[in-house]
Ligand SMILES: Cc1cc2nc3c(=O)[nH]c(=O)nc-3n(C[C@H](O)[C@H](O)[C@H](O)COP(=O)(O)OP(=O)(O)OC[C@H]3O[C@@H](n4cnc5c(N)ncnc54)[C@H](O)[C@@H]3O)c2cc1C
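Form predicted alone, single chain, as structure tokens, below.
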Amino acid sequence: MGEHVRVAVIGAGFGGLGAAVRLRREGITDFTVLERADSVGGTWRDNSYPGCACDVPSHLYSFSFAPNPDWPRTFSGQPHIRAYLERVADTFGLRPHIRLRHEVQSMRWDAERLHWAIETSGGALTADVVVSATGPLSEPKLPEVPGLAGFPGKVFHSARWDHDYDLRGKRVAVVGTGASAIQIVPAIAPDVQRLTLFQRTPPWVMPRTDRAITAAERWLHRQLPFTRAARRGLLWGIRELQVSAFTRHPNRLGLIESLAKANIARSIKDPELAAKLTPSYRIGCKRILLSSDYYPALARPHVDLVASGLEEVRGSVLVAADGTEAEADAIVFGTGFHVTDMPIADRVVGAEGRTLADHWKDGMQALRGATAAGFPNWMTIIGPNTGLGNSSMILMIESQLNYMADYLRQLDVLGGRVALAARPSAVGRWNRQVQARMERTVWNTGGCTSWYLDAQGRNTTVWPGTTGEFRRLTQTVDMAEYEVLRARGGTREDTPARAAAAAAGEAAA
């Protein structure tokens, strides 16, 4: 029958390592972490492009149970965050549980045995519970550009940076103006012969108030931990107060928009270039980006902004949708990731023999951002509608870890070979409530098209509330939202109270 574990965690980034720590703290040691790469770190391992850094303050972008008093800067760079995750793996004794170079090829629910059969590139195993922590920023998204296959130069995505290719003295085209591109452009601009940026839609950019954290501050945080906690709490509180402007009162973002326009005016003296860089949508509709050197880089004489998307490649000539042409030796795509169509969903086959991708073809939805109908004993970290537009995703991850821990406790209470299956009515009710709240948010009313939206135009990515509210809603599992499956013939089992609550839910739905 092969190896069996109680819990299989997929991915060793923030979500996967956080899940592993929480499992150990719950006294669960019968688990494994399956990681496709040869080291931990997730997106902070994969994204190593020049200038890569976080746009969330360091003391907020870390686990509450693994504080780091020695962050060197207020906004940490990729090497520091990756090193932090390596330390987490060591400090909490996770290495024996992690299987590197074990890419999950398929996960299939066995309704008779009530477990998941998992095939990986390193072998097969089964698990009672699967915690999928692959993350939404793990699969690069490359546009289909006619003629790209015939480009004679170098082509790569920002998340698959080719460090063996020297950009110095080259003509480089950067496609996209998202969070990665605005860091790459100023980092490589001083070294390249010519840089052409293809911009489909300009982002709103605010100054990034990054600085070195002094030795005195670090000493204080080490010696007096409450100062570190106070700093984190202040950073969290400020962002919680901002949420209502994004979710209920987008008109209040006008002041922030004025500050962003002033930021353009300070750096860009060419009126034509300034006009190209000024968005026509409400600030916050797309993620607000932070950079103090992006606009100055675009003002350099050897940097060109093409205010149109890349339409075609003709040999070494890149042609924009407006007809503008530019020659290039290398193309760097900063075009984001498969967020609303995560490829891992094609590899998960549930109780009805359908893949998760098929189940989600009309839009991702999961109960409390964690569990999907038809996929017993399976949950995801950073699931549908758990993303944030202004704060730290680590806060949301920790809330989902609370939910995971209580989910496993409920299985223990039930005893025996058992599984929990999210009721379709509960999933549907949760999703309708989230989407109803989404209607008035800046992400839906701000007049832009963003990666938050799926192919149907629905926002299945962002959470329309505060992180504090989400934590309250995911503190414990509401058993009325689940069916209990037991091994005897795979029959469902309901207590009278749970059945009555479920019936009421069905009627409300």
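Here the structure is a predicted model, which means the values were calculated and not measured. Sequential numbering from 1, following the sequence displayed.
Beyond what is shown, the protein has a form predicted in complex with this ligand; the following relates to that form.
Chemist: Is it true that G176, Y294 and A330, all three, sit within 4.5 Å of this ligand in the predicted bound form, judged by heavy atoms?
Modeler: Answer is no for this spot.
Chemist: Among M404, C285, V205, V104, which has at least one heavy atom within 4.5 Å of this ligand in the predicted bound form?
Modeler: Contact residue from the list: V104.
Chemist: Go through T340, Q435, S392, T74 and name the one with a heavy atom inside 4.5 Å of this ligand in the predicted bound form.
Modeler: Going through each option in turn, the one that passes is S392.
Chemist: Under a 4.5 Å heavy atom criterion, is V442 part of the interface with this ligand in the predicted bound form?
Modeler: Outside the cut-off, so no.
Chemist: Even though the partner isn't displayed, in the predicted bound form is T474 close enough to this ligand, meaning a heavy atom within 4.5 Å?
Modeler: Contact with this ligand, no.
Chemist: Tell me, yes or no, whether E481 is in contact with this ligand in the predicted bound form, where a contact means a heavy atom of each within 4.5 Å.
Modeler: Outside the cut-off, so no.
Chemist: Decide whether Y452 counts as a contact residue for this ligand in the predicted bound form under a heavy atom distance cut-off of 4.5 Å.
Modeler: Although this ligand is absent here, Y452 would stay clear of it in the predicted bound form, with no heavy atoms inside 4.5 Å.
Chemist: This ligand isn't shown here, but in the predicted bound form, which of 22-30, 465-473, 53-61, 442-450 has heavy atoms within 4.5 Å of it?
Modeler: Contact-bearing stretch, as computed: 53-61.
Chemist: For the stretch 130-147, return the residues whose heavy atoms include at least one within 4.5 Å of this ligand in the predicted bound form, in the order they occur.
Modeler: Stretch hits, in order: A133, T134, G135, P136, L137, S138, E139.
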